[in-house]
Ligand code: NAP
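Next up: just one chain, as C-alpha cells, the form predicted alone.
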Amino acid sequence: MIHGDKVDLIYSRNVINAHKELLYSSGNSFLIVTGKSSARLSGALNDVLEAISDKECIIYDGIRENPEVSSLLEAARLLDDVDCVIGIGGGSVMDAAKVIACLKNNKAESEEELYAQKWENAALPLFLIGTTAGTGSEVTKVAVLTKANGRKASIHNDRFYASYALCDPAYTYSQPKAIAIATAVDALTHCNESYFSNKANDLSRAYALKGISYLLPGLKVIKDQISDELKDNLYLGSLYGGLAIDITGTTFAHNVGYYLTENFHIPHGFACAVFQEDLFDFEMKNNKQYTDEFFSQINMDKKSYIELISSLIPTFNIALSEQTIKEILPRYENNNSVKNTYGQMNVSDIERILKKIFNNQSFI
C-alpha cells in the first residue's frame, strides 16, 4: 500500500480479495457505479460482489463515456441509505463516482446547482477500481463531466479524492485494443503536459518522467502484440501520470482537445494527442533548454517522440473554416489550461495552432 497525502493506493494482483476487509468494513449498503460492460468483463465487479456478498448492493450502470451531469444526478437519488460508493471502470466512471460520493451530503438537483456546489460536507467513503490504463483518475481530485449543452467542464475539489484506489493491472487486460491505445496515449499526454505546466515542480516532474518510462516500451509495440508485463507497465504509467497532473493540471492540449471530443466524437486520448507536437514546438521555441532537458531525460529526440505519438493516432477527416475557428477562440480567453502551459501561451497561439492543423483541410 502507498499511503499518499490524499489517496491510499494499493497496487497488487488479486487486490480486492487480498484487501476485502477494507471494503467489507466500510458500510452495510453500497452503491456500485459502473458503465455497461468493462466492470463485468474485467472481472472486477464479480470480485467486489464476492467480497461484500452479504451486504446490500445497488448497481448503477448508467455512466457513459464523457459522463453527463444528468446521469450523476440520477445515481445520487439512490444514495439515501448508502454507506459507501465504489466506482469500477475507466476514467469516466471514476470521475462520476467521485462526484456521486459527495452528493449525499452536498445536495444538487440540477446541473447549475452541481457546478455551484461548494462541497463543504464530507463525502461518503469511496473506492475506485480502474479498468483502463489511461486517465489516472484513481489518484486525482478532478472530475470531468459533460454539460447539457455538450461542453466538457472539470471540477476540482479535495472532497473528490478516493478513500482507497484498489489497483490490479489484470483488470485492464479485457480492454479492446482501440481503447487500450487511446487510454495509454492519454496517459502519455498527462505526463508530457504535466512536465510542461507552469505549476511543475521536482516531484511532479519525477512522476511525469517515471510515467513515461513505464509507458514508452508498451506504446512502441501496442499496435502489434503486447505482453502482460507491458500491459502492467502501462497501468503503472497511467497512475504516475495521474499523480503528476494532480499536482500540476494539464495544458492547452487537453482543453482544446475537448472541442474535438465534443464536436467530432474523437476519443479523449487521441484528441489530446493531436496537439502534442504543437506543445513541443511552442516549448522548443520559447523554452529550448527546458525542452532539451525533457527529451534528454526520456532518451528520445523530439522527432522520434512525435513520430511515435503520431503513429498511434487514427486518421480523422476534419476541417474547420476560419469563421469556425474565430467562433471557438473565446472559450480560450483567460483559460486556465492555456495559462498553465509553460511559458507565455495566449489565445493567439491557439488560433495559429488551429489554423495550421485544421483550416479548410483534413487532419491526418
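Since we're looking at a predicted model, the values are computed, not measured. Numbering starts at 1 and runs along the sequence shown.
Absent from the display: the form predicted together with the ligand. The rest refers to it.
- Although the partner is absent here, E193 is not a contact residue: none of its heavy atoms lies within 4.5 angstroms of the ligand in the model of the complex.
- Put simply, G150 is far from the ligand in the model of the complex: not one heavy atom of it is within 4.5 Å.
- In the model of the complex, the ligand lies farther than 4.5 Å from every heavy atom of E68.
- Looking at T131, you'd find a heavy atom of it within 4.5 angstroms of the ligand in the model of the complex.
- Contact annotation for the candidate site: N157, Y161 and I212 all lie away from the ligand in the model of the complex (no heavy atom within 4.5 Å).
- Note on the interface: of 102-110, 200-208, 75-83, 184-192, the segment with non-hydrogen atoms within 4.5 angstroms of the ligand in the model of the complex is 184-192.
- Between the options L230, M284, I179, L216, the residue in contact with the ligand in the model of the complex by a heavy atom within 4.5 angstroms is I179.
- Between the ligand and the residues A271, V142, L114, L126, the one pair within 4.5 Å by heavy atoms in the model of the complex involves V142.
- Shown without its partner, the chain has G35, K36, S37, S38, L41, S42 in segment 33-48 as residues with a non-hydrogen atom within 4.5 angstroms of the ligand in the model of the complex.
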